[in-house]
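First comes one chain, alone, set out as structure tokens in the form predicted on its own.
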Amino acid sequence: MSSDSSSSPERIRRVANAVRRRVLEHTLNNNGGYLSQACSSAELLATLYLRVMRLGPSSAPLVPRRFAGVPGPSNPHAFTGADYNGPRAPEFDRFIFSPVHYALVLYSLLIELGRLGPNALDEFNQDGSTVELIGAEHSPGHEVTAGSLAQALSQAGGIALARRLRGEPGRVWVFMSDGEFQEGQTWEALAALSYHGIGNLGIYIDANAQQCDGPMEAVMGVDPLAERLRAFGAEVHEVDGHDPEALAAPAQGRAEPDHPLVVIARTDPCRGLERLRERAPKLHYVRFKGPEEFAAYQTLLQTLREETE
């Protein structure tokens, strides 16, 4: 875990704002995108990469590879996007990205950190591209295919248990959305993590209180989330998801090293783009409603460019 100027709160905020700008730019260019997810998770993901996770340098190409087919014994050319997070050496951490509809946010972050090239989004969501709208195991920064929401945590638990059995010091980090706690498999995975004492796994939750059908509380609320997680045996911290120092702190000192760590990051799905509030309560995916709204967001993009470039 680093604490030098390259991972300072100021740099994390600059990177987060640049991620929002890049996702907004892409949303304008394609008249659609998961924009609120960038608003809520930008500081969280930037803090994970710059302060929390211990990753080696990327060993993957700056221009994303084309899809080489599904993994299997008859396909030696298949790959995952994990090498954008560095080598799978025992001393380095592993990163499992669960809410794969956030993929554009992750790609944008990898670009800002130099792990992907500046033109990496040129083939976004095109046939044969690995830079997919809904990320899969071959997409940059992804190690597993999460399938339906909440499957990645089970996979991460298996990876963490295997690492512990091999005596590897590296940890496993999982990024999740709060909507995944509406899924039964999440709770089954947490029960297993607690039972097996998987303390080398940490979970960061983008708790933006939104899901595809609207506000979480209007669909199926999950609070009191912290109390429920503690009942399943997790060490739980609840923090401001836009404060880099608050986000990093729980990973620095473990109160319960034999329990999974969960950080609930309370976030704002309109952070940095106040105009998005006009679309509430439906914020999940943005398509512009007409020329006037499109022009307004173009003006907002220009303002963000002046602030971040």
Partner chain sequence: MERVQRPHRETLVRWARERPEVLVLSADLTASCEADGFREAYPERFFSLGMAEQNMIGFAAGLAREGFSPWLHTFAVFLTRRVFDQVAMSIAYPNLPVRLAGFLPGITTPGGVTHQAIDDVGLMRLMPNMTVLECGDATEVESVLDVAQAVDGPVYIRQLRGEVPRLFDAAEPMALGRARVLGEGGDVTVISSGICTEEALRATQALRARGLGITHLHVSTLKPFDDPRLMQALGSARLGVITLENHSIIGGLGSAVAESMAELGLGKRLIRIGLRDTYAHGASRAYLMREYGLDAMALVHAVEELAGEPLDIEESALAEVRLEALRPSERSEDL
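Only a predicted model underlies this, so the values are computations on that prediction, with no experimental measurement involved. Positions refer to the first chain, counted from 1.
Below, we turn to the form predicted together with its partner chain, even though it does not appear here.
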Answer option from R171, H101, R88, H237, heavy atom within 4.5 Å of its partner chain in the predicted bound form: R88
The unique member of G114, P71, G197, G221 whose heavy atoms fall within 4.5 Å of its partner chain in the predicted bound form: P71
Of 206 to 214, 228 to 236, 137 to 145, 101 to 109, the segment with heavy atoms within 4.5 Å of its partner chain in the predicted bound form is residues 137 to 145
Considering non-hydrogen atoms and a 4.5 Å limit, does its partner chain approach V131 in the predicted bound form? no
Considering only heavy atoms, tell me if E188 and its partner chain come within 4.5 Å of each other in the predicted bound form. yes
Check H77 for me: does it contact its partner chain in the predicted bound form (non-hydrogen atoms, 4.5 angstroms)? no
At the 4.5 Å heavy atom threshold, is P118 in contact with its partner chain in the predicted bound form? no
Determine the residues of 155 to 174 with a heavy atom within 4.5 Å of its partner chain in the predicted bound form and present them in sequence order; the list may be empty. Q155, G157, G158, I159, L161, A162, R163, L165, R166
